[in-house]
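Take a look at this one chain, the form predicted alone, written out in C-alpha cells.
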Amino acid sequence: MVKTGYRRWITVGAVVVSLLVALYIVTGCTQEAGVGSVENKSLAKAGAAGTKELTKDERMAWWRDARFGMFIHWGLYAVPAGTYQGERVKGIGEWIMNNAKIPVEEYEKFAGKFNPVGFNADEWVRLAKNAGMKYIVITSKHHDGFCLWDSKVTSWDIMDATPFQRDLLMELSKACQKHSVKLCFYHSIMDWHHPDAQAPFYPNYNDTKKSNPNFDRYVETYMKPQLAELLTNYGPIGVLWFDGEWIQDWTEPKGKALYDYVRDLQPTILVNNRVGKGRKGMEGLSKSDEYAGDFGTPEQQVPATGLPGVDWETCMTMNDTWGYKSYDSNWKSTEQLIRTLVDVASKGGNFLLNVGPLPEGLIPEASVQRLKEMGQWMAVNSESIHGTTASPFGRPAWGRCTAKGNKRYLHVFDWPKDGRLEVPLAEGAFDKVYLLADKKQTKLPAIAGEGKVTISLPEKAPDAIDSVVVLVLKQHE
C-alpha cells in the first residue's frame, strides 16, 4: 500500500482536515486494503501453522524468568529536550507537545531536526544485556503519533519525515536477535497527531472527556494496520506494551478486542493490562478473563507486598522523566536501583528500568554508568534474580529474599555488625549455606533451631550494596 500522509490545520473555531486525509479515506485506505488485510493476516497465521497453542503459563515463562528489562522512551520529544521557545516546560519530556501546547504544524518541525547519527543498535542491546536485562521495550509510537519504524500506513515516521531515513526498529530487531535479547514494543492507543484520534483537542491533546466521532475509523484503518506491521515484520515480538488507554473513546471491550487481534497475529505474544481500561489487573485479580491483558504495570512504585495472584512489572525512571530532558539531573543512585530490582524480584515482579536517549541517538552517560554498575553486580549475583520467585518469608529487616528450587537467596542490605544473620526457616532442614560471591561455595557456619537458622557471616560484606547469602534446603524424596 502506498504511504498516505496526513496533516492538520487548527483554527480558532474549527478543525479542517487536509486534502491528504480526504484522499486517505476516499481512496479506500481501509483495513481490508492495507497491512491488516485478511490476506496478510492469513499469511501471518499460516506462519504460525502447526504451532501448539500455548497456555498462559507457557507464554509467560520467558518473561517470568527474565525479571529485568530495559524501557526506552525515544522520539521527536528528545529534540526540544524539555525546552520550548526558550522556556523550560514542566512535566515529563515526552509530554512536551501537550504541556507546552504546541500546535501540530509546529511540532512537526522537530522531525526535520531528528537525525540520530550516533544511534548504534548493537551498542544499545549490549548495554542492556551486560546489565543483566533480558528484554527491551521501546516506544514504537508514543502519544505524539511519531513512528520509529518504516510504516506503510503513514509518512509521519522515521523514514519519511526525518533526514535520518533509517528504520530504527529494524536495526534494533536484528541486534536483539544477535544478542538473544527479547524485543518488545510500547505502543500508544491515543494519538495527538492523527485527526481521527485525539488531534482535534488542541491545545489540550490529553482531553479525557471529549469524544472523537472518527475514533473507530482510526482504530480499524490506522492503529490495527500499524500493529500488524510491527508483529509481522519485526518479530517475533515478546510484548506489546500499550499505554494511553484513559481517553474517552477507549473501553474495556475494545481492549479485549485489540488483545484478541494481536494474539491472532502472534499467538505467543504477551500484552500488558493497559490494552484495556483503567489499568485493571493491578488489584490482585487472579482470573485473566476479568480484564484485558496478561500482566499489571505499577508505575514509579513497588507495591508493598507485591501483587499476589497476578503477574506484574514495575516500570521506573532513573531520574524524573521518561523522555530525555537536558536539565533533569535528579538521578537515582546505583544502590537505589539495585535494591529496587531486588525488592521487585523478592515480591514476584519484573523491573522495567527506563533510559531516555538524546536526539543524537546516545544514551545519557549517567544512565550508562548506572547500568554498567548494575551489570557488575549482576555478573556476580544474577542467579539470585533470573528465574526466581517471591520470598517465602516476607521482607526481613536485614534486606530481601528470592527463591529458586531448594535455594533461598538472602539479599543482605545491612550487614550485621555482630556477624549473625537470623533467617526464618519453617520449610525444612537446610543442607548448606555459602556466599554467592564465593565461587568455591565455602560453607558458612549455621545452626538451626526454634524455627530459624542463625548464620555466622564474615566480618566484611562482599558487596556494600547487596551481599547475597545462599541457603540451600535439603531435598525431600
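Note that residue numbering follows the sequence shown and begins at 1. Model, not experiment: these values are computed from the prediction.
We do not show the form predicted in complex with a small molecule, though everything after this point is about it.
Just to confirm the contact call: exactly one of 165 to 173, 138 to 146, 214 to 222, 109 to 117 touches the small molecule in the predicted bound form at a 4.5 Å heavy atom cutoff, so which is it? In short, 138 to 146.
Looking at Glu299, Asp160, Glu383, Asp207, which has any heavy atom no more than 4.5 Å from the small molecule in the predicted bound form? After the contact test, the surviving option is Glu299.
Since exactly one of Ile363, Ile92, Val181, Ala100 fits, which has a heavy atom within 4.5 Å of the small molecule in the predicted bound form? By the 4.5 Å heavy-atom cutoff, the listed residue in contact is Ile92.
Partner proximity in the predicted bound form: Trp246 to the small molecule, non-hydrogen atom cutoff 4.5 Å: Flag for Trp246 set to yes.
Check Trp241 for me: does it contact the small molecule in the predicted bound form (non-hydrogen atoms, 4.5 angstroms)? Yes.
Determine whether any heavy atom of His187 comes within 4.5 Å of a heavy atom of the small molecule in the predicted bound form, and answer yes or no. Contact check for His187: no, nothing within 4.5 Å of the small molecule in the predicted bound form.
With heavy atoms only and a cut-off of 4.5 Å, decide whether Met374 touches the small molecule in the predicted bound form. No.
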